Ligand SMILES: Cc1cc2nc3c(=O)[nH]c(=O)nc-3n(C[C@H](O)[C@H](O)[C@H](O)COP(=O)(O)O)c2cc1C
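Take a look at this single chain, the form predicted alone, given in structure tokens.
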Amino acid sequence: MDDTARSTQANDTVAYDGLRDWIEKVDGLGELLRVDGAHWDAEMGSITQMMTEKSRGDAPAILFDNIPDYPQGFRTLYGEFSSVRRVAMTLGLPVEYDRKCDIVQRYHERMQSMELIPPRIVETGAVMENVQAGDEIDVLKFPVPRHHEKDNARYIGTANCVITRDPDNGKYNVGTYRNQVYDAKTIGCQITEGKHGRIHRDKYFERGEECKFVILVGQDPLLYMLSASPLPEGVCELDFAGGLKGKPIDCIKGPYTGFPIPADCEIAIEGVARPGQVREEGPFGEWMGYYSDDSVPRPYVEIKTILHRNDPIICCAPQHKPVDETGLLKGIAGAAEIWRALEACGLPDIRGVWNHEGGPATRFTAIQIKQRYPGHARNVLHVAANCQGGAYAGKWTVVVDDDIDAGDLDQVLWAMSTRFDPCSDIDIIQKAWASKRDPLYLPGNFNNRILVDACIPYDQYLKGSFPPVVDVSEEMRRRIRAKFDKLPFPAY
């Protein structure tokens, strides 16, 4: 990367203020679809899946209004991150790019240069326009969706932010954990083992103490993206968001929890979970595309207050068979964290990282390198599969040479088919950190994963003895594009 590009990166900042401004900016990009009259019972989720499943990364965000049985202006937003351009816009990065890995690289570089900015506490904000407590509480006053036809319940929290506080050091974490609705004043909060919110809750419960929660179900998309993404240990997502924005996130103090609540968010729910108090949770159609997770008793949250703006918007991520926005969102953020981990381990010449959308999140990770020494590819494979960004629920990790675009699945498959020997170029990791959303998870919540070295064998790479590639030279490409500048050549 040249110095000009690096100096430009230092100036990357988020150029919108809050969810409503984000919606206007997305509309300006031509990527917002407005739909009136869709029902909360499976229709909104079905429309989203049908718009997304074959989109190849360019499906619109969908704003649903005039929802039957609810006041006009009570809306839902689906598909926030079902296009790479919207992910880039949300992060304050250029929306035009030559290859998908450029977005990951730009985000990775931005993370290295920015400073964390803690939130600023303010007296009030738009989220305080309506405050309910006691008998006034009714979470079903909002058009809470049943996302899929086989779901047994409505889920208010899918594209959400769950704020918890570490009882040991007082630090806040913001994660994304689904929230099933049981009744007007009770919701679930399913949190997978190993996630920071689960660690916080377990600490409280082990001491026989209650655990307080703030659950945002309509908020700045940047906060949702960060809450669903792996961040370095000990980094609060609110501080990270402030760093990306270049200014602090204005927050009020929650009237029940005292936790910071973004002052411009749409809907915030405060509540408490208590040790031993559980209710049956699930099933819910999850991000791997299956109903494979157990429906078991899990801790639930008693709602103590609801804060919301006038004409509130619920943010939703129904999750379904790939491709969906969850895979793209987690994939880009996870790829940037993998890139950070590789460089932190001193591994040189990382040229691209991409988590492919068909293998949601980090199920199929491709890393592009320029080989520098014997074993370089294997070093990259093992770090990528075991770092924070790649460890959770991974399955395939593939390393390719620098002439292969890691974000182009056709090129990656070509490398796997021509530069890979199944007897010598595979490593297996057993008993890795899994998810019960995986239909093939192993007892104890483990899985096995495969590491594929699809690079040219290093000795042949060094000697230049591997058969040459049939391709069009860069000089010929420039000449052809200049001579036939009216032809709609795809990006290369």
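All values derive from a computational prediction rather than experimental measurement. Numbering starts at 1 and runs along the sequence shown.
Separately, the form predicted together with the named molecule exists; it is not shown, and the next lines address it.
Contact here is defined as any heavy atom lying within 4.5 Å of the named molecule in the predicted bound form, and by that definition not a single one of Q105, W339 and N355 is a contact residue. Of the candidate stretches 191 to 199, 96 to 104, 370 to 378, 114 to 122, only 191 to 199 has residues whose heavy atoms lie within 4.5 Å of the named molecule in the predicted bound form. Contact check for L91: every heavy atom lies farther than 4.5 Å from the named molecule in the predicted bound form.
Among heavy atoms of S229, some come within 4.5 Å of the named molecule in the predicted bound form.
A residue is said to contact a partner when one of its heavy atoms sits within 4.5 Å of a partner heavy atom; G289 fails this definition for the named molecule in the predicted bound form, lying far away.
Looking at Q388, you'd find a heavy atom of it within 4.5 angstroms of the named molecule in the predicted bound form. Interface residue among R75, R178, R351, K245 relative to the named molecule in the predicted bound form, by the heavy atom within 4.5 Å criterion: R178. Proximity to the named molecule in the predicted bound form, defined as a heavy atom within 4.5 Å, singles out one entry of E80, D220, E270, E237, which is E237.
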